[in-house]
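Listed next as structure tokens is one chain, alone, in the form predicted on its own.
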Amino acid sequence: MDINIDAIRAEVRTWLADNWDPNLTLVEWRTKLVDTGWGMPEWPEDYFGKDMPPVAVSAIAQEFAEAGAIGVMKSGPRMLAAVTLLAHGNDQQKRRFLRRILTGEDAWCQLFSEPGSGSDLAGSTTRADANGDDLANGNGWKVNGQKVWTTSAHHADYGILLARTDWDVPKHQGLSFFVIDMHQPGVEVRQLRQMNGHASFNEVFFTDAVVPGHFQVGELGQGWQTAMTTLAYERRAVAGNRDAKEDKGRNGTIYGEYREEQAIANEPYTWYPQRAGRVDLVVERARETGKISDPAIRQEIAKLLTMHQSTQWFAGRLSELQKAGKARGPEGSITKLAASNVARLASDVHTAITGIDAMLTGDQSPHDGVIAEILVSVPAVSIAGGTDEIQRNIIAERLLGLPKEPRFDTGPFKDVRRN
């Protein structure tokens, strides 16, 4: 299909000139975006999009930025839910949930990880038991169990839930995928305090929580395949909405609401730059401390910057392949593993540069505690989104074609040893 980018840009500019009004509320403006498809132009026309290719989407985003126009809500677990529902949900689910995700009216969380199964997501033991014979008429499921490391669960309206519906088949075949209402009596959310002082994550307890039959996503027992769509998107680390600070100084109802919304949405992620190692601060710190003249430290800095730039180039290459229409596959595990290696090396370099002062917090801490926060935050990058060990297995088995690890968890899941 031939795409006239100049014509698309002109159409967007005309539409924005006729419709963009910073004195609208966020929901009023985003409703216009959803109804016309300009909010998610890459999505199908039947579901709030325009079926446009990535090159056109990029041009549209540039026109929105030039006009200072706010986009639809894309940050955090909302988009994990959205892309999964778009791929696997039925027509009723897409029309019910996608609109309010994009307008920002509903907040979401991802209910996957469990305390008893660690990186073995398929070993989930949270159970969904049929609550009545006729699921189609809404009798649905009762959910019991526990999830953990759930970002934003404390202010989520809905969650995407992976739960076990069949214990008599192998573990990957007994899982199903659901949408669950987080505001019901059977759901208890408790925030977890991390060693870096933040409380981004939650543990969630289910006690006879109810899921209507029409909130089941995809086929019964196909939850693992559905969850892989969610995880593939998560590992891409796709950027969400523009940072709210870009809109500082702008006047209008919509900008005030947007800044407030982004402050809430981004709060769980304020420590993520430190989790990634803050490579951008390394040379600055070396100069501040005089360690820039130390040949051994210079060597480590050079190694870190080389590794970081190589990772950025590889990630860029994957991004270009995606723009060319190639589906994102297991290659994302390479960038995920590389990011862990970069973060750990950055933490080591920061420690070598700063010395024992790297352990200080408070007023006496270098860079107002940022260096100390790096040291205690970096371990998380090797766990979040699939551990380093999981990424190595994916790379070995799915990219290099190496033999799979011996397994001891085959057969009916009820007979598999756990914990």
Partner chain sequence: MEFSFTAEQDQFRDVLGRFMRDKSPASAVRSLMETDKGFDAEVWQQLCAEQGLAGIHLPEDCGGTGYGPVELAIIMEEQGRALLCSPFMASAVMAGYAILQTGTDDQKRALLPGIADGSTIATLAITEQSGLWRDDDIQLQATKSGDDYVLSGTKRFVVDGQNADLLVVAGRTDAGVSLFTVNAGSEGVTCRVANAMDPTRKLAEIDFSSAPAQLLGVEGGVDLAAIFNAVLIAFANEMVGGAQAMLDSAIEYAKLRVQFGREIGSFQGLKHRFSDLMVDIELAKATAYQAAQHLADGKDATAFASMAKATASEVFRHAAHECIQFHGGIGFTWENDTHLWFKRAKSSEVFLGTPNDHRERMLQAMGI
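Residue numbers count along the first chain shown, from 1. Since the model is a prediction, treat every value here as computed from it, not as a measurement.
There is another form of this protein, the form predicted in complex with the partner chain, and it is not shown here; the text below is about that form.
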- Query: Which pick from Leu220, Val210, Val187, Val283 sits with a heavy atom within 4.5 Å of the partner chain in the model of the complex?
  - Reply: Val283
- Query: With the partner chain left out of view, which of Gly329, Gly132, Gly290, Gly316 would have a heavy atom within 4.5 Å of it in the model of the complex?
  - Reply: Gly316
- Counting only non-hydrogen atoms and a 4.5 angstroms cut-off, does Leu337 reach the partner chain in the model of the complex? yes
- Message: Since only the chain is shown here, I'm wondering whether Lys404 would be in contact with the partner chain in the model of the complex (any heavy atom pair within 4.5 Å).
- Response: yes
- Taking heavy atoms only, is Ala87 within 4.5 angstroms of the partner chain in the model of the complex? no
- Task: Examine Asp368 and determine whether its closest non-hydrogen atom to the partner chain in the model of the complex is within 4.5 angstroms.
- Result: no
- Message: What I'd like checked is whether Asn4, Asp91 and Gln93 together line the partner chain in the model of the complex, meaning each has a non-hydrogen atom within 4.5 Å of it.
- Response: no
- Here the chain appears without its partner; judged in the model of the complex, the stretch of 253 to 261, 76 to 84, 306 to 314, 103 to 111 with heavy atoms within 4.5 Å of the partner chain is 306 to 314
- Stretch 389 to 403: residues contacting the partner chain in the model of the complex, 4.5 Å heavy atom cut-off: Glu389, Arg392, Asn393, Ile395, Ala396, Glu397, Leu399, Leu400, Gly401, Leu402, Pro403
